[in-house]
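Listed next as structure tokens is one chain, alone, in the form predicted alone.
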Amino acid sequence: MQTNPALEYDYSISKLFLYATIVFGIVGLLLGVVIAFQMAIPQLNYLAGEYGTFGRLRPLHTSGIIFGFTLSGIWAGWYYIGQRVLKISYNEYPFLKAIGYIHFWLYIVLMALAVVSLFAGMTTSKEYSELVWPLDLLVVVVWVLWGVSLFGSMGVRREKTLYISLWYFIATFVAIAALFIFNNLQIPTYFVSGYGAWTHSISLYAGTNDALVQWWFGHNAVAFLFTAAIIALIYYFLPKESGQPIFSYKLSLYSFWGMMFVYIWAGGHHLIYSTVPDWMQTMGSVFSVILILPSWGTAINMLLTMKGQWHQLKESPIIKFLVLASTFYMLSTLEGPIQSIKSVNALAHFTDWIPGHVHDGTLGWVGFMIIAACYHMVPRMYKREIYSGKLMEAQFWIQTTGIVLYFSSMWIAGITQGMMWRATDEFGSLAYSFIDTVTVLIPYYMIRAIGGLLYLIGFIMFTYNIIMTIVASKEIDKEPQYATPIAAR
């Protein structure tokens, strides 16, 4: 019986998304550091007129990290993982390869237009969904192209079993498609009334309904980009890097279906104590607490995958990133449900505890996972060992310190805010004015800015290490089966 020769995987598309991951990572993190220092030193808002203000830069930061850095990392992972778990090569399928290239370049055009429009102040003012309606149409085209690549690759696969990572990729595609379309249904005002800019639009929904749809999208954009797609990455890269099989494949499936059913109902916790019906607020809180189970199921599955192999944590910087990513995922998915409990939310909502929660997930879980994925892929795509292990170690500890400074300062600041806002004197009057809470938090804002700066410095070290790996590191004879080769320097 004749066997198929070893596949020669085509990494060209994955490499392009890798470059985009690095560029968007640097730009997005730099903007985050700038606006963090603006919070601590308000005078920095006026360095570039209206174009340097917090209001202009913040949408660029969030979109740059969510839809630039994170999505690029996810798609770099998909175009790498997809071929391997499906046992195909894009060299065999010119159509799928062409779709991948169109997907990448149209995505870059979209991101360039997004930067220009947001920098110019053109926005719908909807959280995580600021782009004007013509760009929303382009988002749909880019997303559909990924769907063609995703399902087209599965359609020609040699491996009939769909590995768990693919389940999470499919969930990401389907959920975001539905969420994005319904949240961004808009009426272009110029074509209806003849007045105003042709890019301007108003939401199809109004008032409370608009808020409900917005946070149905907003929370689940986090669920399926920051969670489902990143889980898809870790379910591939941790077993491959450690050489250990997943602890429990059944647990991965239970966690998947638990997350799919529960997560979609949790968005209402963003609207507690609002005009949203009380039953819907309660439903958001209840499902958020239940969400601990599938979330921790995934995280524990990852940690138990390392059972009996904890010495790798000492030996491999990449394992450090992967294990700590899982740990931050556990922290973030416990903290979020706690904040959604109504009595806790009464203290926490609108305070800096909320960005503290968001960023221990974003920087620790998402950031570390994408960094680890890149460190695993690059030696295999370029057939070179990682340039510097010592630089990886230094990067890990610098970025971990930055994350701890960030979320701990914001926890303290947030609880301080909540306590001061609700404090009353013996006459029942508020004990503090709003400006009192602002001034007392400045030291914590400075700590956050320093934490963000440390994370950015670590990312620049990562970028240097990746570039030097590609252009100057020692070549390897064959692709490593498991642990990534890392130079001792």
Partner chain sequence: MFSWLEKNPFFFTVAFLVPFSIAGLVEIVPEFAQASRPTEGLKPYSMLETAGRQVYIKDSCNACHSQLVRPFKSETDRYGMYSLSGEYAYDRPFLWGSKRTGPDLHRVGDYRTTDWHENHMWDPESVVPGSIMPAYKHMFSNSVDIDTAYAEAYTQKVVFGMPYDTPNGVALGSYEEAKALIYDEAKAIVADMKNQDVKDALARGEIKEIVALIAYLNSLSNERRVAQ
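What you see is a predicted model; the values in this text were computed from it and never measured. Numbering follows the first chain given and starts at 1.
The discussion below concerns the form predicted together with its partner chain, not included here.
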| message | Check for me: heavy atom within 4.5 Å of its partner chain in the predicted bound form, for each of W257, F261 and W265, yes or no. | response | yes
| Of the listed stretches (459-467, 22-30, 35-43, 61-69), which one has a non-hydrogen atom within 4.5 Å of its partner chain in the predicted bound form? | 35-43
| query | Which listed residue (L113, V289, M283, I300) meets the criterion of a heavy atom within 4.5 Å of its partner chain in the predicted bound form? | reply | M283
| Exactly one of T124, N184, Q339, S242 has a non-hydrogen atom within 4.5 Å of its partner chain in the predicted bound form; which residue is it? | T124
| task | Answer yes if any heavy atom of M446 is within 4.5 Å of a heavy atom of its partner chain in the predicted bound form; otherwise answer no. | result | no
| is_contact(A171, its partner chain) in the predicted bound form, heavy atom dist at most 4.5 Å | yes
| task | Using the partner position in the predicted bound form, report whether D425 sits within 4.5 Å of its partner chain, counting heavy atoms only. | result | no
| message | Can you work out whether Q214 and its partner chain are in contact in the predicted bound form, taking contact to mean some heavy atom pair no more than 4.5 Å apart? | response | yes
| request: For the stretch 346-369, return the residues whose heavy atoms include at least one within 4.5 Å of its partner chain in the predicted bound form, in the order they occur. | output: A346, H349, F350, T351, D352, P355
